[in-house]
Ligand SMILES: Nc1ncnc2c1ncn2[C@@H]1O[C@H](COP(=O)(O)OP(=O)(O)OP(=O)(O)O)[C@@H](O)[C@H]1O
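The form predicted on its own is given below as one chain in structure tokens.
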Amino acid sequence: MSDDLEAALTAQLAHTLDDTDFPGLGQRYRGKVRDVYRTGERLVVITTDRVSAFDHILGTVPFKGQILTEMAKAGFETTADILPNHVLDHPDPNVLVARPCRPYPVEFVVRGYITGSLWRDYQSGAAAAYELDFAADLKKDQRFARPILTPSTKAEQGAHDEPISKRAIVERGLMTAAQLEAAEAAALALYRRGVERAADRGLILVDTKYELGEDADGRLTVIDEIHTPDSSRYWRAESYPARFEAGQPQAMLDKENLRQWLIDTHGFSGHGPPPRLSDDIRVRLAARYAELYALMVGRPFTPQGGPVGARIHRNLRAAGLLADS
């Protein structure tokens, strides 16, 4: 991390965006990270600087909302030939205007390696919920012969997403068999594109989560975010083989840095009250995100410093999305 970037990240600690209040945009839905406002057939999706892990909102990270929004925009643009997305406009570094879609009540997690929560579930036996044939002798961070889909349910905020099999998705009426088949094929195609783009930049797209749904015409559509450090796991490709053989942690450029900090430093993995984030981990995580941004977007991250909410307000007014006040 350069001195200039560290200074910018540290200065922004006092200006991170924790919450939004724009009633003129319509009815608000507050997610873990995004505040989504709806008026008729328009969504205004504001990505805050909130950070969550193990289904808990833990605090804020400088410029996280800007990085996620701009990386998601780039990810949507580079996969538009595979699957339509919901994006209409980008009036502010933290804001996307989008078409409303009917989201499926399932998260589509595609994995090329066994690591993170899947490794923990594999060790505990919880991975049996996916009804997949996992070999009995897998090693942490091992690559699968081919990518696999490990879906999960969508839990309410504060609750835990749960692994689920494709059979159970259909039996419980969450999706039809035809919907699930099309969604799985799309998720795997999106993942292959993400893997190719990451490889060109010296990275491994280890696994990723897709939110899919249907637009007003019933077309399968990718929504929310795509190939960001919140929804995806990235490793440095060059060091993967040696680290895997030695059983060492991989060089990570994503939110797993925060999860590991929570586990290793505080023994926290989602149960009980979460610890307070130190300014040091907030800056370090922001630096990892900025590094990944530069690699995947193809240009250095340019932070838009200062009070984020005030800037968003100005840009929404300039775009005609908020009335002058």
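Heads up: residue numbers just count along the shown sequence, starting at 1. All values derive from a computational prediction rather than experimental measurement.
There is another form of this protein, the form predicted together with the ligand, and it is not shown here; the text below is about that form.
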query	finding
In the model of the complex, the residue from R197, K166, H86, R233 that sits within 4.5 Å of the ligand by heavy atoms	H86
H56, R288, R34, R259 - the one with a heavy atom within 4.5 Å of the ligand in the model of the complex	R34
Proximity to the ligand in the model of the complex (heavy atom, within 4.5 Å), stretch among 209 to 217, 114 to 122, 131 to 139, 172 to 180	209 to 217
The ligand contact at I223 in the model of the complex, heavy atom, 4.5 Å	yes
Close approach of P249 to the ligand in the model of the complex, 4.5 Å, heavy atom	no
Partner proximity in the model of the complex: R38 to the ligand, non-hydrogen atom cutoff 4.5 Å	yes
Interface membership of H90, the ligand in the model of the complex, 4.5 Å heavy atom rule	no
Sequence-ordered residues of 229 to 265 touching the ligand in the model of the complex, heavy atom within 4.5 Å	none
